[in-house]
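The chain below stands alone, shown as structure tokens; this is the form predicted alone.
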Amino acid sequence: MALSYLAFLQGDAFVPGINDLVHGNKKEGIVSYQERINSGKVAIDALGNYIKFKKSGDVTNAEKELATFRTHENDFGYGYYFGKDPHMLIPNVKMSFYSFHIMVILGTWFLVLFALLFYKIIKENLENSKTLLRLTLWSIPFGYVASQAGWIVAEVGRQPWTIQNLLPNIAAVSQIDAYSVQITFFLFLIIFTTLLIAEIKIMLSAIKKGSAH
């Protein structure tokens, strides 16, 4: 019921599952992925024919192909999976599920931790709470973990779409040579590793100066 309300703002709305989306559900009027793939292939072919007839000046056939495209355009992106397994359209559910829960758990932990720190600061005895200070220090890496978990939810959860129902990632592949990507990656790796080393040295130097006073 709660998921129904979140998805459709209705307490009794039907929320389709993966099997409903892949194989269809005639009772609920849900079209299967294979049907959408076939429809999308028609849209892709019609668009190609429209462009061809448009360039040749064949207005009559161009309008017919455009009308066909308009009929199937909502399934356009699915056409790129023609001849492929419809299950390829399913994102990695487990990775998205666990990443989301890690993000939420850590977010909740941060709220609790900040509340405790705020309380201790108000009471002016934070420096005496060694356990809380240790927990705060140990929690620093959790911020990076939560951030990466959020990116996994966003990027893996939206698969296989670059633009929903319009452009799948298999059609959005860049033509850039692999070596160009590798060179860029290693340049960034060297630059940021150098900056990390410099930052650590600066921090250690500041800590030593602070402890000396």
Ligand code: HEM
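Computed from a predicted model, the values in this text were never measured in an experiment. Residue indices: 1-based, along the sequence shown.
Missing here is the form predicted together with this ligand; even so, the following discussion is about that form.
At a distance threshold of 4.5 angstroms between non-hydrogen atoms, residue 107 is in contact with this ligand in the predicted bound form. At the 4.5 Å threshold, heavy atoms of residue 119 stay clear of this ligand in the predicted bound form, well away from it. Using a 4.5 angstroms limit between non-hydrogen atoms, residue 89 is distant from this ligand in the predicted bound form. Mapping the unseen interface onto this chain, residue 153 counts among the residues with a heavy atom inside 4.5 Å of this ligand in the predicted bound form. Interface residue among 162, 61, 32, 147 relative to this ligand in the predicted bound form, by the heavy atom within 4.5 Å criterion: 147.
The putative spot formed by 100, 103 and 143 is fully lined by this ligand in the predicted bound form; each residue has a non-hydrogen atom within 4.5 angstroms of it.
Comment: 153-161 is the region of 153-161, 53-61, 32-40, 171-179 lying near this ligand in the predicted bound form, near meaning a non-hydrogen atom within 4.5 Å.
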